[in-house]
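Given next, in C-alpha cells, is a single chain: the form predicted alone.
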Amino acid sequence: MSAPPSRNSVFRGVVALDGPSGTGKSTVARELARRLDAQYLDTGAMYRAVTVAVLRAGVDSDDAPAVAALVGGIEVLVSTDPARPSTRLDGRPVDEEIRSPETTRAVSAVSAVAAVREHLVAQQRSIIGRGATVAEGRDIGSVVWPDAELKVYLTASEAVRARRRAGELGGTDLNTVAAELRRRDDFDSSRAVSPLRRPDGATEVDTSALSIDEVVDLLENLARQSVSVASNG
C-alpha cells in the first residue's frame, strides 16, 4: 500500500468542484485553493455579475436576445486570490449586489442564455489555463474543464441545504428558502445549455454530516493523490 501524498507536494492541476447551492461549495473551494496554493475561481460570481448588469439595464432576464446583446458590452473581473475574493463589473466592485435577493432570483434565467455561457466559459478557461486552480460552479467538470485532474460533485440533503442557506441570508423563512432552492435546482438541471449534473468521472461527496474542515481534508488528499497518480502514470 502506497503512502498518502505529502501535504508539502506542489499541486499543479485543476479541481473542478460542482454542485447546487447550500452544499458548502464556495467555502470549501476557497479553503482548498488556499491549502493547495492554487487560484480560486468562483464562476457563479461571474454569472451573478452579468445578472446585475441585466437588472441595472432594465432588461428582462427572460429576454434571451436582449441579454445576449448586453453581455458583449460589459467587463466582468473576478479575483483569483482565495484570501480576497472579489467581483468587479465594469471596473466597480459588486460583491454585495451579486448576492442580493433580486440577483439570486434572476441569475438562473440569465445563466441559461447560450451567449452568456459562451462568453463567460471562454473567460473561465483562460483563467484556469494560467495554472493550478480550484474552480467552483455548476458545469466546471462537464463543460468548462472536463479534463480536470479531480472532479467533485458536492451534495447535501434538502433540509441541510435550506438551513445553511437560510443562515447565510439571516432571518429568512426556512420554507421560503427551501422552495427557492428547489426552483433553482429544477431550472438549472433542465436548461438546454450546460445543465447542472454530476460530471462523468466525478467523485460525489455528501456534505450533510461533514464539517467544512472534514470536506476540505478529504478533497485535499484526493487532489494531491490525483496529481501524483497522473505524474506517475
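Predicted model only: the values in this text are computed from it and were never measured. Note that residue numbering follows the sequence shown and begins at 1.
Omitted from view is the form predicted in complex with a small molecule, to which the following refers.
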| item | value |
| --- | --- |
| Contact label in the predicted complex: R161 to the small molecule, heavy atom within 4.5 Å | no |
| Contact test in the predicted complex: Q123 vs the small molecule, heavy atoms, 4.5 Å | no |
| Non-hydrogen atom contact K151 with the small molecule in the predicted complex at 4.5 angstroms | no |
| Residue contact check: V107 to the small molecule in the predicted complex, 4.5 Å heavy atom | yes |
| Three-residue site R30, R35 and S79 fully in contact with the small molecule in the predicted complex at 4.5 Å by heavy atom | no |
| Partner-facing stretch of 66-74, 180-188, 200-208, 53-61, counted where any non-hydrogen atom is within 4.5 angstroms of the small molecule in the predicted complex | 180-188 |
